[in-house]
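One chain comes next, on its own, written out as structure tokens in the form predicted on its own.
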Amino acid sequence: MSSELNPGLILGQSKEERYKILLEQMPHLIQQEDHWLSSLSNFVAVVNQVFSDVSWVGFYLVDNGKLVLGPFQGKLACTQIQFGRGVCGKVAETLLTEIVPDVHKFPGHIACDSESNSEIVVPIIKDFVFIGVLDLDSTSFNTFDEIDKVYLEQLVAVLITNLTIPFPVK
């Protein structure tokens, strides 16, 4: 990493202010010359560090027609998800960000962590090709909202711009 995020900038800030700081810092944290795996790992680490209400953050990447667990921070996770199954699988089909205030009310929710209560999943698309999803969970209900959607989509856009990734695998 060529630059480190200063946690002092984040403490005491509103959610939106934390996202704005992350957007400013992300191009310095994730650079084109960095290996894609390192970039994804640092991305989830910084999101995990900045948002204490997030219990799990990670990537699921397309591999042979399914989503396969990528870099993450949090408890053990499901290693494979079929398109159409759970929140991640739905996003793989619709290619639209999904905010779930209560995962227990989501039809077909996959309970990788029984303590998870809310979730947001953002599709990752590079050069018009779906390569995976960014998944965030929380043990609280109603954690994620339109602010998260707007800024996580922007952070994924910065990530994709600064990422050379050999995906998807057919």
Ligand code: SME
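Quick caveat: nothing in here was measured; it's all calculated off a predicted structure. Position 1 is the first residue in the sequence shown; the rest follow in order.
The form predicted together with the named molecule is left out here; the points below concern that form.
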{"property": "The named molecule: the contacting residue among A45, I125, C112, V68 in the model of the complex [heavy atom, 4.5 Å]", "result": "C112"}
{"property": "Contact flag, I99 vs the named molecule in the model of the complex, heavy atom cut 4.5 Å", "result": "no"}
{"property": "Contact label in the model of the complex: A92 to the named molecule, heavy atom within 4.5 Å", "result": "no"}
{"property": "Interface membership of F144, the named molecule in the model of the complex, 4.5 Å heavy atom rule", "result": "no"}
{"property": "Non-hydrogen atom within 4.5 angstroms of the named molecule in the model of the complex for each of V156, L163 and I165", "result": "no"}
{"property": "Heavy atom within 4.5 Å of the named molecule in the model of the complex - qualifying residues of 29-57", "result": "W56"}
